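Shown below, as structure tokens, is a lone chain in the form predicted alone; questions about how it binds or moves come after it.
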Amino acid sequence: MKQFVIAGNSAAGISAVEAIRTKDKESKIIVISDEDYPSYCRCLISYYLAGEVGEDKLLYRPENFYKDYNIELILNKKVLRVDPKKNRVILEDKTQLNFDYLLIATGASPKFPDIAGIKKRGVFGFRTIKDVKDIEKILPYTKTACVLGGGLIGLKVAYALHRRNIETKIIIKSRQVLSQILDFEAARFVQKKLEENGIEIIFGQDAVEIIGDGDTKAIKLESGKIIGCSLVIVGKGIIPNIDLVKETNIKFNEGIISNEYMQTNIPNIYTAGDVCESFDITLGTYAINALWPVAIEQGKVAGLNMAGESFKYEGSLGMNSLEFFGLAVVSLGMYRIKENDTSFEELKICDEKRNIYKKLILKNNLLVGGILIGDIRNSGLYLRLIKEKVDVSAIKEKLLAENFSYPVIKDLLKKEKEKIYV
């Protein structure tokens, strides 16, 4: 009987467990988490902070999941180190666990800027239920909050705080919101919606100091301006949790590198989720796409292969879907191209009156990315065209038409499928 060890109890880890159990009902599975909670939907914590969902709605699987799947769950313990030569992991309390197969799905942690006062009380990352509960404790005493960073995490937490009637200011170094998933023109739609609803955005500035005697009282910007606030939330990106492999021969770059089977360079050690650097099908290189659906898919592939299958992962791509004050936004794959790069083609519609922006990016008649704002109805079709690498030259002029739908691409998809079997 084999022993599977899963380092990580979120989307990738749980998906791997379920995949393993479809092939192996008997072997021992140990799941290790450095949190106090059973698996929950991390992507919902901003709605939890906003008061729009209760804690019970965050559960990713029912309470009896671990028992039903015959899993030994170890909570509040961090995997300190992996020892590939001896097939074991060492926990921070010095416990050693042997494995036949290991999945590293340790996720990522918030990236904090190296500025004075960053460790004061009242400064938080935004990644876990614990973060939300700690923030909740000081909300009754908070009038103004500052969010550092205009990415997805920063905007989500700003929205949540606004819903809790906290005056919220977003501090952004760049000239636009969501610079990692939207172009400048699309970002203006989101910026306008946030500002219309009372969220102040300060561009071209970074915080250089958190001011206060123990507790946070204000932040100081590069310009010298001081903003009074008792709560600061950092949303300036994430750092993959790769410390456990840094002293091993497991290969890593920004994240732990996987092949198409979700294996590391050590055959019985796999990786998945936000810690994993895998092939990006639109970029054509290795990248981290720290997204819930990607983690689920990678975890499933890893689990099946750990259980003896030979299942290939086609690769990931950046894809984000969000909504702010009724404005729906979807970003898929490549979202902008370098200036004067003529190897790509852009199709675009911009209708400010109707709050609609659509842009598709093509290369060699293949769809490689796009942005949809206001009207996101065909996002699933575009995603399929990207993933299946369908030649769209015959329907290029129809891609952004109001009546674009599945029947328009049905014949194309059929032809692409037939090519595979020829």
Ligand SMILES: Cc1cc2nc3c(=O)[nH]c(=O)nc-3n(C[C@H](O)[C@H](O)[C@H](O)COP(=O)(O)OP(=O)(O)OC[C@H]3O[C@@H](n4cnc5c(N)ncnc54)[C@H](O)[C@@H]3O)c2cc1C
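All residue numbers are counted from 1 along the displayed sequence. Model, not experiment: these values are computed from the prediction.
The form predicted together with the named molecule exists for this protein as well; it is not shown, and the discussion that follows is about that form.
J.: Among A11, R42 and K77, does every residue place a heavy atom within 4.5 Å of the named molecule in the model of the complex?
T.: Judged in the model of the complex, A11, R42 and K77 all sit within 4.5 Å of the named molecule.
J.: Just one of 387 to 395, 27 to 35, 48 to 56, 356 to 364 has residues with a heavy atom within 4.5 Å of the named molecule in the model of the complex, so point it out.
T.: The contacting stretch is 27 to 35.
J.: Answer for G303 alone: is it within 4.5 Å of the named molecule in the model of the complex, judged on heavy atom distances?
T.: The answer is no: G303 has no heavy atom within 4.5 Å of the named molecule.
J.: Although the partner isn't part of this model, could you tell me whether K236 comes within 4.5 Å of the named molecule in the model of the complex, counting any heavy atom of the residue?
T.: Flag for K236 set to no.
J.: Against the named molecule in the model of the complex, would S321 count as a contact residue? Criterion: heavy atoms within 4.5 Å.
T.: Although the named molecule is absent here, S321 would touch it in the model of the complex, with heavy atoms inside 4.5 Å.
J.: Answer with yes or no whether G149 is in contact with the named molecule in the model of the complex, where contact means some heavy atom within 4.5 Å.
T.: Judged by the heavy-atom cut-off of 4.5 Å, G149 is well away from the named molecule in the model of the complex.
J.: Can you pick out, from I201, I349, A108, I115, the residue that has a heavy atom within 4.5 Å of the named molecule in the model of the complex?
T.: Result of the distance check: A108.
J.: Scan I71, A207, A290, L194 and let me know which has any heavy atom within 4.5 Å of the named molecule in the model of the complex.
T.: Filtering the options by heavy-atom distance leaves A290.
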